[in-house]
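For reference, the chain that follows is the form predicted on its own, supplied as structure tokens.
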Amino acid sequence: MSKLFSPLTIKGITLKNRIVVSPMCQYSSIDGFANDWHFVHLGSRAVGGAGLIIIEATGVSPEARISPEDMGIWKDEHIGKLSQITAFMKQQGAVAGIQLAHAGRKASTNVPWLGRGAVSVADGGWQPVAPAATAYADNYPKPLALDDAGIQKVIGDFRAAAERAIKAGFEVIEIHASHGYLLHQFLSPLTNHRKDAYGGSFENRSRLLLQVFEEVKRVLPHDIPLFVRIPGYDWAEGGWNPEDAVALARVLRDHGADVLDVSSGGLVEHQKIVAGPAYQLPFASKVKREAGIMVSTVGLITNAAQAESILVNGDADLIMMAREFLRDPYFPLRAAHELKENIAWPKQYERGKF
């Protein structure tokens, strides 16, 4: 059996393969609610054979969203449609995961196809929060610096969101601490200039993430895996670097993290990303080898042979894909054919198997 199509057990779940649909914001919600677009979008990837599907960055509070059109899980009413989606994914043999997120200073902005930039309160926006009152860019809103009460609210919002996610049927929880969003903003010295217990040293800058992690872990059933998306590199001088990623990985490992989803970038406007096939793999591989924890890798992974070689070389345990799944919801079925794996197809689609 190929590595890509070998099962993987993490705590109480077993993934039928190592192919993961990476969280991809759809910017298609009203008041945080999932709808039929999300049902079809996520359901088709489950029919397509992915082992794990992690739904988009989901706001733990209204102000945690990137845009007014982001999905949320800050109230019980959100659970209903999410439960329908997770039940369908499970019927297709996929494990349903959710990425819990807070956008911080990158909140209250337009959807990408409208050019980003601030959304005013009059147009449905809100006052963002961050470690400091410094905007991401000139056309982004200026955030308020979080005080102690605000920090405690963030921690509580993540905890409550995790409780709702379990009620909605999710079997993997991921905390988003990368891509320049709030927890990443606290981690990096480029955006965290605080003088209190949450700023300065590596230990202090990691404090909020660890407090969120512990509160989320506390409310999860013992068999539910807890992932964390961490930054591998800021792609900017003086920022978070791969050695920081390893140091954080060791701390999270010791706190009980099950898998680290290693990504990069998104923190500052002046970043200089050098992209190419599997360009973030070196960060994931370094974390895996030096911290001794399971990792997923993501970033311009587009074909079966590429994914298989990453796993065979021991550079990662899971392959996350985003853009390729936008192009082809049934990538796993195609990949199995390329790797000569005889996997089960949905009965309704078996006529297309051979």
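Position 1 is the first residue in the sequence shown; the rest follow in order. Everything numeric in this text was worked out from a predicted model, so none of it was measured.
Below, we turn to the form predicted in complex with a small molecule, even though it does not appear here.
Colleague: Can you check 23-31, 45-53, 287-295, 307-315 and let me know which stretch has heavy atoms within 4.5 Å of the small molecule in the predicted bound form?
Modeller: After filtering at 4.5 Å, what remains is 23-31.
Colleague: Only one of Thr191, Thr86, Gln99, Thr109 has a non-hydrogen atom within 4.5 angstroms of the small molecule in the predicted bound form; which is it?
Modeller: It is Gln99.
Colleague: So which of Arg207, Lys75, His179, Arg159 reaches within 4.5 angstroms of the small molecule in the predicted bound form, heavy atom to heavy atom?
Modeller: Exactly one residue meets the criterion: His179.
Colleague: Are any of the heavy atoms in Arg229 no more than 4.5 Å from a heavy atom of the small molecule in the predicted bound form?
Modeller: Residue-level check for Arg229: yes, a contact with the small molecule.
Colleague: May I ask you to state whether Val40 is within 4.5 Å of the small molecule in the predicted bound form, using heavy atom distances?
Modeller: Result no; Val40 lies far from the small molecule in the predicted bound form.
Colleague: Is Gly299 close to the small molecule in the predicted bound form, meaning a heavy atom pair under 4.5 Å apart or at it?
Modeller: Yes, Gly299 sits close enough to the small molecule in the predicted bound form that at least one of its heavy atoms falls within 4.5 Å.
Colleague: Should Val60 be counted as a contact of the small molecule in the predicted bound form, where contact means heavy atoms within 4.5 Å?
Modeller: Close contact is absent here: in the predicted bound form, Val60 is far from the small molecule, nothing within 4.5 Å, heavy atoms only.
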